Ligand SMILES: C[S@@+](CC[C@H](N)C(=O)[O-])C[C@H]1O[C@@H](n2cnc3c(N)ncnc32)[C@H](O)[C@@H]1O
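Take a look at this single chain in structure tokens; it is the form predicted alone.
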């Protein structure tokens, strides 16, 4: 089939299904498909509502292509604000932990800007860890499967310069109001933060100080509505917390410092 005709057919299918960026998505699908049969299957998946990132096998984040597979949390653009704050905190040789790492996108992005860091990524979801290993191994990072700090090497206790976290923070009842692409396709464990959205943050706050080196810092993404309560969690556990907000990214991050 002539390329322009093929492209227009795909655009038409995507537009009919309600894809706002049909032209851009068509180009990505066509580039990713190795045959017309594969393209047709990929278009059908997208038309059925599956996130584009799962269909093509990667998500764009911080100018990089991060490997993702179905059910793995798709990195959001707002998390680039967390990356920017993290990069300002560290230098070459720093020990960095990407906790609740999902695909490992945040840690990988930091390592792309600050080479020579010692990066450890952790997630409880085996599929996420598979993706994280692909995304961080090429830059010297290591990904671990397990619950929060538990799988990390114990010799890191008291030596971590930076912990970056995008833990689930959506209140359980609010899951039903999320966009269908997240609510129906991403793993619930990557979204649900408990009744008030802060269950995982409480557990992290209780243990983070033990892992941080003196002068070390934790950066955790949260919502504008939850930010003050998030900061209080870390203050109450011996860290000095403050809230950072970026309107362009619609992003809120709590910074918690170990003095």
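Positions refer to the first chain, counted from 1. What you are looking at is a predicted structure, and each value in this text was computed from that prediction instead of being measured.
Here the subject shifts to the form predicted together with the ligand, a form of this protein not shown in this document.
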Close approach of residue 33 to the ligand in the predicted bound form, 4.5 Å, heavy atom: no
Distance check, residue 171 to the ligand in the predicted bound form, heavy atom within 4.5 Å: no
Residue contact check: residue 132 to the ligand in the predicted bound form, 4.5 Å heavy atom: no
Residue 100 within 4.5 Å of the ligand in the predicted bound form, heavy atoms: yes
Region of this chain that lies against the ligand in the predicted bound form, out of 85-93, 132-140, 145-153, 112-120 [heavy atom, 4.5 Å]: 145-153
219, 200, 55, 231 - the one with a heavy atom within 4.5 Å of the ligand in the predicted bound form: 200
Candidate from 227, 190, 28, 43 lying within 4.5 Å of the ligand in the predicted bound form - any heavy atom: 190
All of 106, 124 and 167 within 4.5 Å of the ligand in the predicted bound form, heavy atom check: yes
Partner contacts in the predicted bound form for 71-90 (non-hydrogen atom within 4.5 angstroms of the ligand): 73, 75, 79
